[in-house]
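First, one chain by itself in structure tokens, the form predicted alone.
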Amino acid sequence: MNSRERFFSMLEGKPVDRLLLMPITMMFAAKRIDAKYFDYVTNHHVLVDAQIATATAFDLDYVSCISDPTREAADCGAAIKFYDNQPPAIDETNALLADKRKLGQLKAPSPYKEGRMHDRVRAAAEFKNRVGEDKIIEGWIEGPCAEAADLRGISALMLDFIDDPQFVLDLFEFVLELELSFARAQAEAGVDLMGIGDAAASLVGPALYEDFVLPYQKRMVNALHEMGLKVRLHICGNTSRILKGMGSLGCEIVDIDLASMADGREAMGPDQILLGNINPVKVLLDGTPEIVTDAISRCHEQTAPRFIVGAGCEVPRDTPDENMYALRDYAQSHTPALNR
């Protein structure tokens, strides 16, 4: 059973030979081929080479186009800071929509033309040609709250929820159009699974999440499903207070970062596939293979049977290979409880 067969069988509730292994690797992957992270995020050939090398070395079930959250904002004209060996970052002191009036004139850029979004689309197409028969190909877009924060600035957006809620809704409408266009281009290039990164959603609190963010996440997920894509939701941070809402979106996979896996299972029910959530630093980077195995075993026990092996967030760049092999060995030696 190859990775694609394993993935779709699990989604359909059919028996699989082992647990899926789908940790997020970005800087870790770049290091695998001795590439500068600047090259990883700006040259799709480097990203593809690094992802395939990492998936091959550790028998991951997927490759991913994920690299950083600034691609869409960059193509909109936002000021981005680039670094040799760190992810690019939004220049918060020079936010594109520091003046809210600019939103009315802002046009969503095309992912089909040259730009940072198009580079990700080209990565998807190269993955399709090189490993599309074996590995799941994951695309990536920003969620409504995360992209709004990239364009407006995170602090300003948090105030807007209270001071100018209509502006937030208008901005979310723009983001939805932008992200679905980007997703469609990646789907046409060959991705199977679309990741949604909505880190800022963990900061707004449960009431604002329910009133503002959740409806737009739901519209986004529904539209992705209409494109024929499977969906993976990743919200960095402590999502304990919004787990139920996350589970209501209908995503095929929900990542758990700082919340409890047991709480995630209780909030989302038995049918939701959950991924995670060993601590990337304390366990995966600084731990031993024995500590990694023990931690992922506890995650599995709390979350079985619909569980995918991974960390709470990105695998740190300097994670020891032996700790990643421990994740691989656990996945390969265990099957979902339904198949036991």
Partner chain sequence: MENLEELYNAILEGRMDAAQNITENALQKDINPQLLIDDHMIPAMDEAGRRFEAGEYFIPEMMLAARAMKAALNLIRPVLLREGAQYVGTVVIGTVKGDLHDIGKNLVAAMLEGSGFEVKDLGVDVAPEKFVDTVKETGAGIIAMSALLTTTMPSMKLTVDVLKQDGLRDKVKVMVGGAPLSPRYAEEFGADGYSENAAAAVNLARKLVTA
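Positions refer to the first chain, counted from 1. Remember, it's a predicted structure, so these values are computed and weren't measured experimentally.
Although it is not shown, the form predicted together with the partner chain is what the next lines describe.
Asker: Of these, 241, 184, 219, 130, which has a heavy atom no more than 4.5 Å from the partner chain in the predicted bound form?
Answerer: Result of the distance check: 241.
Asker: So which of 226, 114, 84, 163 reaches within 4.5 angstroms of the partner chain in the predicted bound form, heavy atom to heavy atom?
Answerer: For this set of options, the contacting one is 163.
Asker: Spot the stretch among 151-159, 130-138, 246-254, 168-176 with residues whose non-hydrogen atoms come within 4.5 Å of the partner chain in the predicted bound form.
Answerer: Of the stretches listed, the one contacting the partner is 151-159.
Asker: According to a 4.5 angstroms non-hydrogen atom cut-off, is residue 205 in contact with the partner chain in the predicted bound form?
Answerer: Yes, contact at 4.5 Å.
Asker: Closest heavy atom of residue 18 to the partner chain in the predicted bound form, within 4.5 Å or not?
Answerer: Output for residue 18 is no: heavy atoms all beyond 4.5 Å of the partner chain.
Asker: Considering only heavy atoms, tell me if residue 89 and the partner chain come within 4.5 Å of each other in the predicted bound form.
Answerer: Residue 89: yes, in contact with the partner chain in the predicted bound form.
Asker: Taking any heavy atom pair closer than or equal to 4.5 Å as contact, tell me whether residue 281 reaches the partner chain in the predicted bound form.
Answerer: Result yes; residue 281 sits at the interface with the partner chain in the predicted bound form.
Asker: Please state whether all three residues 12, 193 and 230 have a non-hydrogen atom within 4.5 angstroms of the partner chain in the predicted bound form.
Answerer: Spot residues vs the partner chain: no contact at all.
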